[in-house]
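Take a look at this one chain, the form predicted alone, written out in structure tokens.
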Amino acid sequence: MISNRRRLFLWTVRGGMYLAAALTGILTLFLVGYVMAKGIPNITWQLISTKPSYLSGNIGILPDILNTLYVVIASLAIVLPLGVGAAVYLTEYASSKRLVGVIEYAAEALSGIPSIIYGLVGMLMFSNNFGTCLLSGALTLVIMNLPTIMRNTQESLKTVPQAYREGAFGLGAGKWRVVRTVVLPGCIDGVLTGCILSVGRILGESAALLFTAGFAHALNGFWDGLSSAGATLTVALYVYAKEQGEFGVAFAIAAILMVLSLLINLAAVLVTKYFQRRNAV
């Protein structure tokens, strides 16, 4: 028999959990709904397809959209090989547990550093050498996202059963062949999920880019854009809201970023479910 005091405690805990879940859901829906209601009416084709013209007073965010795309591509092109390669080495090749522990501790410490500090370090390391440009911002974001990619890939590699490796070794396969044909295909869902979540973090980053990428709204190609200063969507949101007082444009950018964030999280969920179904067959 459960005593009345125990039953009251269980009801209190259960009620607290329901209340916390309800408040979280309400706050999330309110935030999404408020941003969408304020931002969607201000999204026009002219806004997203033109560049700013200070002579005519036209406001366009096409350069900011392209700059965001350039930063995402450049960051992923560098951080994915580094993060996945480091995770494969630490999980499959490294023989010193002390070395692995030190690197994992360093990665955990890097994950908790405020982004404004990354921006300061990126300004001193990259902006002083390459100038204030999108490449400096992308390299700063590489350092920020490297621990996330590495740790997600490590955890995914650990989910591959050891029997798979032993079976491949028993058939005469070498170490790299086992990693390439058995281990990595078995954890590709975790790697892709980490990649998608990193894209979301790159899209939402502003503090680090304020110090390294600049505020320019110039329309450039990919290579010219990387070597030039440019504002991403988050930086443009800050500039229009804080510096110019264009809150309608700021809410429009916020709505676009909100939609992109929701799509990225949905893509992560769908990718995970797809590979879970495929592995279950």
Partner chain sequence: MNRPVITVNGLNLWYGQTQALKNISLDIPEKSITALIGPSGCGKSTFLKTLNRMNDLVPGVRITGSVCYEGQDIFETNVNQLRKEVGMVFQKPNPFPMSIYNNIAYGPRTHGITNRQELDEIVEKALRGAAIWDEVKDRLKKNALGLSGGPQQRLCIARALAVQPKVLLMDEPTSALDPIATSRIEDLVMELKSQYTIVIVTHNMQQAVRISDQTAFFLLGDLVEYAETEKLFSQPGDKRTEEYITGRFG
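Positions refer to the first chain, counted from 1. Source: prediction; values computed, not measured.
Another form exists, predicted in complex with the partner chain; not displayed. Remarks below refer to it.
Residue in contact with the partner chain in the predicted complex (any heavy atom within 4.5 Å), chosen from 192, 72, 182, 123: 182. Contact check for residue 168: a non-hydrogen atom falls within 4.5 Å of the partner chain in the predicted complex. Within this chain, residue 130 is remote from the site of the partner chain in the predicted complex, having no heavy atom within 4.5 Å. In the predicted complex, the partner chain lies within 4.5 Å of some heavy atom of residue 174. The closest heavy atom approach of residue 157 to the partner chain in the predicted complex falls outside 4.5 Å.
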